[in-house]
Structures are given as C-alpha cells and as structure tokens.
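Single chain ahead, by itself, as structure tokens, in the form predicted alone.
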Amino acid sequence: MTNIYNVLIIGAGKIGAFFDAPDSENILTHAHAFSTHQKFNLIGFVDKDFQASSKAAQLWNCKAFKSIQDAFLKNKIDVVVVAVPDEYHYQVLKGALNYKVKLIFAEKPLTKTLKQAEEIIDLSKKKEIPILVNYSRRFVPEFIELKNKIQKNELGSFVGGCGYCGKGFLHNGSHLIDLLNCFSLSIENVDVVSKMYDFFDDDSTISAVLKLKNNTTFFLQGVNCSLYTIFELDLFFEKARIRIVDSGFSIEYFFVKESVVFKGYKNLSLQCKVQTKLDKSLLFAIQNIADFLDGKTELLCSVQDAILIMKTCLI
C-alpha cells in the first residue's frame, strides 16, 4: 500500500504559495510542488496573517489555520514546511519540533545565528525528526550531474574561479557557498574586501577573497540587489571551464581545444549550454523527501550541510 504524507505549510508568502498558481507551467512554490506530487496531501497553511493563509488556502484548495496548535489538533500531519522570513526560522522550527512529525522541510538559512542552529540540530536529534534545508540547486538533476563530474575528476583539478551575488551573504550568498561545498571545493578562509547592506540591516552583501582548502582562490563580487538580481559562478578546472549563469538556469561547458590560429596554444571552447530544471527544484526536493520517508535514499541537504554553510557566511 502506498504511503500518502500529509503536509502543513507554515508561511503563506511568495515561496509558500504565491510565486505561481495551480495552472502555472513552472513549479515555484511549496504549495504547487506538494499539490503536484502524488505522495503528498496538502492539508493547509498557517501564517501570523490569517488573511494571507486564507487567501493561500483558497488558491490551493486546502485549509487555513489560525495557529500551528489548531492545525495539529484537527489533523494528522507528517511533514511541516517552514517558509517564513529568515528572522522567524528559529522560533518556528523550535515550535514545529514539539510535534511528532516525520520530517521538517525548511527554507534557508536554517537560522540567523550559529547558536540557534546548534540548538535546532540538538533538538531535532533528540526528537528524531530529520530536517531538509532548501538549498535548491542541490536537487536539480543538471547540478547533480555536474557535481558527479567534478567529484570523479572528469574536469581535472580546480584551479580558481569567481562569482557574483547580492541580497545578503547569509540569505543569498549562502547558495553560492553551498554550491562550492557541494562540488567539494571546501572553503578555508574568507577575507572580506567590502560590505554593503543592500536589503537586510543585519546581513551584508560582501565582496571577498575565498581561500579554498586545495590552496586555490575564489573571488566573490557583491552586487547591489536594488539594481538587479544576479547569481553566477565561473569555475576553472585543468580540462574545462564551467559557467553557471542566469541564476543557475543555464550551465555552460567549455573544454580545452588547440588554437586554430596560433599553433601550440590552447583555448577554451564552448561545447554545450545546458538548460537546467531549476524552475522545478522544489518538485525534485519533494521527490527526495518522498524517497527518504520511504527508506530509499538519504536527504540531499541536511542540517549538517546547512550549519557548515553558516560557519562560512557568519563572519
């Protein structure tokens, strides 16, 4: 008999409910992803603004609850989604861990401070409730394929790179740090060159020199998010160059080729441009949850991964 898991979403905002709609081609919200997947049943929403949760419930054909307690009192809930603003992650995670659920799916960053994160990890271990953290690119097949190529040394050793992002080093830059970690390009030191507060009062966007553990360098350029959104990485290996562009919707592969003009010289030539399924990352994350709950696999982004990222970003 197939297990069906009941889901409660805490946070009726854009990522929870309103970035898309049931008839949207892209799957950009937790509500859309869980509503689409046959293994899950979306029970409803909780939000401190009951009008928002009611609007979300109407859009996604489920219920609105005035409190977490009310939701659990009236329903059996297996999975809780934490999709509230960053500053409420700790409070909501701590509250959700008081209930007997099978898994919590949390938006990144896990919390705002390392002390809070360590407390949440200790509590999740004590309660035996696993937490999956939504560093979205980890779940996308094209990024998994790239990670495998790097870890199998198909591109050769990493020799250096650079990246661009804004809207806070913890909030948005942590995605970039997570990709470096995911690709086994571990960071040893962050030397901050400059800071700006382009969105959050307590989370600066930084420009920095990152020293990696294999004695290579990655240059991070902070870009003011009020100008535009950018998220890019340019990674150089012995045999290839990888450009992650358009926020990760495209991955460009360049490979070494003998110059047709200058004899004895080598150039990097664009071999292919892969369009990723980043617009369906939440659906892939939820497939990971389903497989984990069915005992088929491990979680692709654990709290241990999340706290490693935080230790880099909270400098």
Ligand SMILES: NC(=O)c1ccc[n+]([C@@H]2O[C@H](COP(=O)([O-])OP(=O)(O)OC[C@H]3O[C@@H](n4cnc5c(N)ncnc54)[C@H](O)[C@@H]3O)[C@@H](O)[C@H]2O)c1
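Numbering starts at 1 and follows the sequence shown. Given the structure is predicted, the values throughout are model-derived calculations rather than measurements.
What comes next is about the form predicted together with the named molecule, which does not appear here.
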Task: Candidate from Q91, S194, N98, S184 lying within 4.5 Å of the named molecule in the predicted bound form - any heavy atom - done: Q91
Open item on the list: Considering non-hydrogen atoms and a 4.5 Å limit, which listed residue (E142, E119, D234, D86) is close to the named molecule in the predicted bound form?
Closed with: D86
Open item on the list: Can you confirm whether F19, D49 and H171, the three residues that make up this candidate site, all sit within 4.5 Å of the named molecule in the predicted bound form, judged by heavy atoms?
Closed with: yes
Open item on the list: Using a 4.5 Å heavy atom cut-off, which of 78-86, 124-132, 186-194, 241-249 contacts the named molecule in the predicted bound form?
Closed with: 78-86
Open item on the list: Whether E107 contacts the named molecule in the predicted bound form should be assessed with a 4.5 Å heavy atom distance threshold; does it?
Closed with: yes
TODO: Examine H175 and determine whether its closest non-hydrogen atom to the named molecule in the predicted bound form is within 4.5 angstroms.
DONE: yes
Open item on the list: I'd like to know whether I15 contacts the named molecule in the predicted bound form, with contact meaning heavy atoms within 4.5 angstroms.
Closed with: yes
- [ ] Can you tell me which bits of 279-315 touch the named molecule in the predicted bound form, meaning any heavy atom within 4.5 Å?
- [x] none
